[in-house]
Each structure stands twice: as structure tokens, then as C-alpha cells.
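First, one chain by itself in C-alpha cells, the form predicted alone.
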């Protein structure tokens, strides 16, 4: 593997946490549970196990998360020690959310409200007749007052793509940070829309994005600084994560000897 891998990712994450003097959140903007051989062979279970071990704080639902159907994603959500979020993925005629629309994480005395939003044009939703996607902007706006009342900093985990993130930030300025995905862009600098900071860090787990911000006494954000870490082979593998991944490979990718 030229780049990426959960073992290299764990090494970088552990290093950041060990050196950090301020709260650290670990977030994923979706499109991550399926799409590679071992992930597909386990219906995403290996990715959830790895994310549990790395201490993720939240994941939003993108198209890839629903690739094996809603029941499979619900199983992964039960296994996850972090919330899987979407404020606009609903079921039935009463628009009941399938997953939590948001979570509030208290860290270092700061309340981080994290909202998940999914893209409206998922390719295979027609086969999931019980599932509907509501308008992303309207859904975020509906939940924002509730989240803001409980939070010092509001973060949107978005699978809308960069242009969708920019449009949403322009229309709804009460969001502090948007961690975006889907369009696979590597943003070496944050995109600023009014007071909203937008970041995105590539695809397929080959990069790890780091955003550092300063907060004043009113928890207003300033001085956003982005670092994109490329997970080259020079990044050492975390031994515990290597063991976890190898255990899944032996169970799900090992070849049965011919008779």
C-alpha cells in the first residue's frame, strides 16, 4: 500500500493526542465504511472496530455507508462506540431520524455540538424504499437552535461536497466549522465563508487532516490552521492496530486450500 492504512493513521492520531495541550476531537465525514477489500468483506465491521480503537468521536452517513443496505449499517452503529449521525436521513412517512441527528461532546470544559448531514442524491436510495433523504439545509436549520443551546462550538460533519458546504455556510452562518467529504479534495488551507471554517482531507484514508483553532472567552473561532498529513510508508504502523487488522484479514481474506 503506497499510502494510507489504519495502522499508520493510529500512529499519527496517538502522537497528536500525546502532544496536545488542548481538547482533541477525531471526526469522519463519511464514505468510509466500505469500498476497500477488507472493509467490503466484513461489511464495514473492520473499519468500525478500528475507529473504536482509535477513539473516534463521530461519523456521518454518506452513500458508501448504505452500500450494503440499512440493516447492515444499523448493525455497524450498534457495534460503534461513537455516534453515527445524520439529521436528514429518515424512515417512514413521519420523518423519524434513522440515526441520531447530532451529538454533544464535552471535552476540556468545552461543549462541542456535532451535526451529521448526508447528501440528497444517493445513487442507490431507490432500492431502499423505506429510506428518504430530506433537504440538507432545511434539516440543518431545523436542528441548529437545539444544538446551539447545548453547545459552545457547532461542527457540521458533512457529506455534501465542497460546493454544497460553501452554499450551506453562506445560507446558515451559525455553524462554526464544517468538516466535509465526498468531493475528495485536499484543502491545504481552510475555506472561510463568513465566520465558518470549512476543511476537507482527501479520500480512502490516505491522508489525515488536522485543524487547529483558537477560541476566545465567548468561544469564537480564530486563527484556523490546517495540516494535511500524508500517510506514506515512512509513517510507522501502530502495533495494536496492525494486530487488529491482521486478525480480520486472517478471518475474512484467507484463502481456503484447494482439495
Partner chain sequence: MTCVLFLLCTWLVTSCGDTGAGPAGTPVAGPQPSPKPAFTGLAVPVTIAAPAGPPTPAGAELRNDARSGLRTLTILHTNDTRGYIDPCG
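Quantities reported herein were computed from a predicted structural model and do not represent experimental measurements. Residue numbers count along the first chain shown, from 1.
Another form exists, predicted in complex with its partner chain; not displayed. Remarks below refer to it.
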Using a 4.5 Å heavy atom cut-off, which residue among 186, 131, 104, 171 comes into contact with its partner chain in the predicted complex? 186
Heavy atom within 4.5 Å of its partner chain in the predicted complex - residue from 77, 143, 98, 153: 153
So, in the predicted complex, is residue 251 in contact with its partner chain at a 4.5 angstroms heavy atom limit? no
State yes or no: in the predicted complex, is some non-hydrogen atom of residue 89 no more than 4.5 angstroms from a non-hydrogen atom of its partner chain? no
Taking its partner chain as it sits in the predicted complex, is residue 201 near enough to touch it, meaning that at least one heavy atom pair lies within 4.5 angstroms? yes
I'd like to check something about residue 70: if you look in the predicted complex, is any of its heavy atoms closer than or equal to 4.5 Å to a heavy atom of its partner chain? no
Going by heavy atoms, what in 159-175 lies within 4.5 angstroms of its partner chain in the predicted complex? 159, 166, 170
